[in-house]
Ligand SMILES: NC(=O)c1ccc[n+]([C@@H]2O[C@H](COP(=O)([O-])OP(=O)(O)OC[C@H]3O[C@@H](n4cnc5c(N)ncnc54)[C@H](OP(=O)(O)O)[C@@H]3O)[C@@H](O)[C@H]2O)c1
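Below, in structure tokens: the form predicted alone, a single chain.
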């Protein structure tokens, strides 16, 4: 997909990966509509993007508010004159035993990570299908291929997003509208709390820089990629888990024991 002049709707734009993706797209000359929850963070991002080759428009919105979300997308579509590319980057995560989790947080994770991308795709697809062109990009996770202990809600939502991406790609086959699913491993951003960072140090979990991840996401878009898994050996184990999940059970048992005190807050 050619990004020069492309009209892009990006959610989670003020987050670590989202802001890096926005910067990369601006350098490519894309026209950006950026959705984020925090107005101050969005304004700061727009200030950082000034002087780039592209143009950017920001809308602060709670994506879980249906009416506000639909209005925001309509506003962005009007500002851009249409949407060529939807990037679902907004998300939520919790590192906690499922039995200790706040039910409201469980619902928020599933809604934001799975239902919102589905609803946004439904909103932008009619115009893309009418034109016979466009692309939807879903930012998943290695945890969407390997179910990790203490991340049950997050893994479940990302497994769902991967399934949505696969099914919708097949549904759109031959329409001119493409779908890309990108699964990073852990990324060093504010998305992770202190317990996650301490756990990562204890287990030797590798974390990537958001700028590198953003460059891989944009490269996948430019090459009309279908599925992209980032980081080795994580992408190998993602494939292995699909074939021999019980083997991966054994491989993760010791790591799960090391992770447990951090997840429980002890």
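Numbering follows the first chain given and starts at 1. Just so it is clear, the structure is predicted and the values come from calculations on it, not from any experiment.
Not pictured, yet referred to below: the form predicted in complex with this ligand.
Using a 4.5 angstroms limit between non-hydrogen atoms, residue 152 is distant from this ligand in the predicted complex. Contact check for residue 91: a heavy atom falls within 4.5 Å of this ligand in the predicted complex. Remark: residue 28 does not count among the residues lining this ligand in the predicted complex, judged by a heavy atom distance of 4.5 Å or less. At a distance threshold of 4.5 angstroms between non-hydrogen atoms, residue 240 is out of contact with this ligand in the predicted complex. In summary, among the residues 139, 120, 109, 136, the only one with a non-hydrogen atom within 4.5 Å of this ligand in the predicted complex is 139. Contact with this ligand in the predicted complex, defined as a heavy atom within 4.5 Å, holds for exactly one of 221, 56, 63, 45, namely 63.
With the partner left out here, this ligand still marks one of 123-131, 79-87, 99-107, 178-186 in the predicted complex; by a 4.5 Å heavy atom cut-off that stretch is 178-186.
In the predicted complex, this ligand lies beyond 4.5 angstroms of every heavy atom of every residue of 237-265.
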